[in-house]
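Taking the form predicted alone, here's one chain by itself in structure tokens.
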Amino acid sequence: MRCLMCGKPMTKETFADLFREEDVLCADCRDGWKRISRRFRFRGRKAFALYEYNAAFSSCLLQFKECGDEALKTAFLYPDRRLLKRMYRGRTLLLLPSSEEKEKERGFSHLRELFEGIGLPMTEPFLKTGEKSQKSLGRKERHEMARGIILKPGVALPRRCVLADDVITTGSTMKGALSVLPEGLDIRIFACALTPSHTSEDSLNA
């Protein structure tokens, strides 16, 4: 078996390697990601993130999302898939939306592929009404974009759910999704990674 990111053979070379969780990335590639396993609150909701969004994580996400390397879909959550399934048992993942432009360009739902390995029910209940992708927007425009998220007409929402995304950057998409969900839902938040700017409670609850 070879590492999905660098292609190096997966071998147990050191004593420490014997105690590592089973993985699809080699130790060098996985260790390049800064693990934070952070529990926090986002807009008053319980939230959890696995990694800080650093250069190594970004490179893998870019290769998966923008270059269409779908083999990397298991790289992000593989060591934590059982943990997340236990943590969110009985809940449905509500996948956050990408712009229609990016969905057509990629030809696949990157979040559906990323999260399918957990084994929890998933749904994609949101639409972005704007056509621009976040990459082309400035910080102020990303905050404004929170107003452009709507629920799909007639969508059925589970009472116990998890808003799930790959990365929380400004938090605009997550805030927009929360703003259109009805009262009375038991909502948790999960992101694979947080940008370094979101290291304080104040920044996440603003």
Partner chain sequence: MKCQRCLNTDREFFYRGSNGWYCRKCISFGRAMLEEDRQAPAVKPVRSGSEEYVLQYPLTEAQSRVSHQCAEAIDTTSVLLCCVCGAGKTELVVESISKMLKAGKNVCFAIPRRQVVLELENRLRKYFPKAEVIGVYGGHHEKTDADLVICTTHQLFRYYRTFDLLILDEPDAFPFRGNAVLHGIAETACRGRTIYLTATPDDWLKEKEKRGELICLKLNRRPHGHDLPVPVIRTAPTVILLGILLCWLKNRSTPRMIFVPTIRQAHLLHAFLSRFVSCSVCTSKTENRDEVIEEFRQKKNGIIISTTVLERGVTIPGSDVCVFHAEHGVFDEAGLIQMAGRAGRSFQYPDGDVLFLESSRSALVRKCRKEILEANRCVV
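All values derive from a computational prediction rather than experimental measurement. Positions refer to the first chain, counted from 1.
Below: the form predicted together with its partner chain, not depicted.
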With its partner chain left out of view, which of E100, E124, E113, D80 would have a heavy atom within 4.5 Å of it in the model of the complex?
E113
With a 4.5 Å heavy atom cut-off, would you call K85 a contact of its partner chain in the model of the complex?
no
Does any part of L72 reach within 4.5 Å of its partner chain in the model of the complex? Heavy atoms only, please.
yes
With the cut-off set at 4.5 Å between non-hydrogen atoms, does G107 touch its partner chain in the model of the complex?
yes
Though only this chain appears here, would Q63 touch its partner chain in the model of the complex if you measure heavy atom gaps against 4.5 Å?
yes
Thinking of its partner chain in the model of the complex, which stretch from 44-52, 172-180, 149-157, 63-71 has heavy atoms inside 4.5 Å of it?
63-71
